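One chain follows as structure tokens, the form predicted on its own.
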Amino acid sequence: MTVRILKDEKAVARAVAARVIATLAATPAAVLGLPTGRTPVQLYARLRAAHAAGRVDFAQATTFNLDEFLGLPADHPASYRAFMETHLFGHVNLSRHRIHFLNGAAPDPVAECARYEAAIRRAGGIDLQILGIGANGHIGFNEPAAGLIGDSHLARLAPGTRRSNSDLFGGRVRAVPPNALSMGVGTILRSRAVVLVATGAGKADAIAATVEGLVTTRVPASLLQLHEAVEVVVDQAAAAGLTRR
């Protein structure tokens, strides 16, 4: 696990965008794992700008998103699919056939998760997985627990996770679905390379536990210590809890 500490959120977004652009330049048909939430908003803005300037081509790329709220169809304005359409998909030349998402409205969530795992396998696995991190150390919707499910699965959201997503639902925490579909930690760890992104003081404890703490399912992101190709890209505020710099 390597750690890059940059000045601020803009510098983090610039560095991670450069990593994505370099990946697609080297491997135009790369398979990307993508996150949602506040952290990647500036990243996606930079990728949109780079595409508009002709500096990145998504024509052959394939994407798999980490998660989706259970019960929300893709066209629901609060869905993560709608988020991705707004911030990236609707602005770059990704083929519709190469965009993959967990279907939150699937009638059988277990079968939907199995379908998603099979789709990832057919694509040859994920080449570069971009991750955010929750304040409690969750990645995807893999919440802290005594044990974790390795593959994509139905997940129960922690209260703090629902609060952090309430902006998508007009600030109404109760409107945030209590369950979601998520890639599992095992799915994430099978990615060939991982970039974990965090900004802001609210992520400092989670980053310290992830990078310097014990490997434990109580901090799901700490399992990334077991991967051979993980880069942690953080701003100064998110790095505040680290003792080794």
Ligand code: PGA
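The model shown is predicted, which means the values in this text are computed figures rather than measured ones. Throughout, we count residues from 1 along the sequence that is shown.
Keep in mind the form predicted in complex with 2-phosphoglycolic acid (PGA) is missing from the figure; the text below concerns it.
- Exactly one listed residue, out of G37, G200, G186, P178, brings a non-hydrogen atom to within 4.5 Å of 2-phosphoglycolic acid (PGA) in the predicted bound form: G37.
- Interface residue remark: I133 is counted as part of the site for 2-phosphoglycolic acid (PGA) in the predicted bound form, having a heavy atom within 4.5 Å.
- Interface residue remark: H138 is counted as part of the site for 2-phosphoglycolic acid (PGA) in the predicted bound form, having a heavy atom within 4.5 Å.
- Residues with any non-hydrogen atom within 4.5 angstroms of 2-phosphoglycolic acid (PGA) in the predicted bound form fall in just one of 186-194, 39-47, 23-31, 209-217: 39-47.
- Within 4.5 angstroms of 2-phosphoglycolic acid (PGA) in the predicted bound form, the stretch 52-82 places no non-hydrogen atom at all.
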